[in-house]
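Before any questions on binding or motion, here is one chain by itself as structure tokens, the form predicted on its own.
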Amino acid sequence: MSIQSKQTLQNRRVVVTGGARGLGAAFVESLAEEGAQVVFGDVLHDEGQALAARLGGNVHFVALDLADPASIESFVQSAAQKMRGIDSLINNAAITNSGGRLADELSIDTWDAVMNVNVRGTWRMCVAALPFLRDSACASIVNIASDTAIWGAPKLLAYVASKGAVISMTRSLAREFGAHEITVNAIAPGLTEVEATAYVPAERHAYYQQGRALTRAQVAGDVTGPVLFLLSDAARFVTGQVLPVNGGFVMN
């Protein structure tokens, strides 16, 4: 079997969280181009419905609020029903909220909001999808972490801590889910030029760009390839790994 054939995602049944815009939308579009079936969720209803309508075919939007465990359960059940099962899960959805504040300036409410979505939401998505992943012959999970959790970005503590937790969960879940032949890996992107990072000051973008071995801006397309690889059959023996995708700003 060729490497190319091993990487095909034709008819793969994939769930994506936070898929209405930014990196999530890039994942949805790339999967659709590969011929996968996709159900994606988001709190951004209008954007999600517009993307699903534009892509059509086997791409569907279902409302999802990761802060609400009941919404997670309903979303996963709906996704499994639409696709008659689930083969892969991309845990992409996250919130920042804590940007620009020092540790002693963070409120408990902000900390809890970030943790409930980024950490608890990721955990509950994995658990909700597990019964369906166990029934798949090609099951995989890719968690979207952040390179900020590797190099320790300042003034972003809640987000950094949450993404550090996602990295740790990835390793633990890989060991637990490995018994079911489910691979669990994480991608740790650098600062990517998408809608969600439009608020980031230009000097911060410049700081990243100048610090990379590949000294250019990072775009969504830089991240989609590694994610698709980890979902593919070519990566069936790769699990529990964290891959920084940041042009060499952080080298692991």
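All figures in this text were calculated on a predicted structure; none of them were measured in a lab. Sequential numbering from 1, following the sequence displayed.
Only in words, not in the display: the form predicted in complex with a small molecule, which the text now covers.
Of the listed positions (I182, V117, L173, A158), a single one reaches within 4.5 angstroms of the small molecule by any non-hydrogen atom in the predicted complex, namely V117. For L191, a non-hydrogen atom is located within 4.5 Å of the small molecule in the predicted complex, even though that partner is not displayed.
At a distance threshold of 4.5 angstroms between non-hydrogen atoms, V14 is out of contact with the small molecule in the predicted complex.
Put simply, L23 is close to the small molecule in the predicted complex: some heavy atom of it is within 4.5 Å. Contact annotation for L31: none of its heavy atoms lies within 4.5 Å of the small molecule in the predicted complex.
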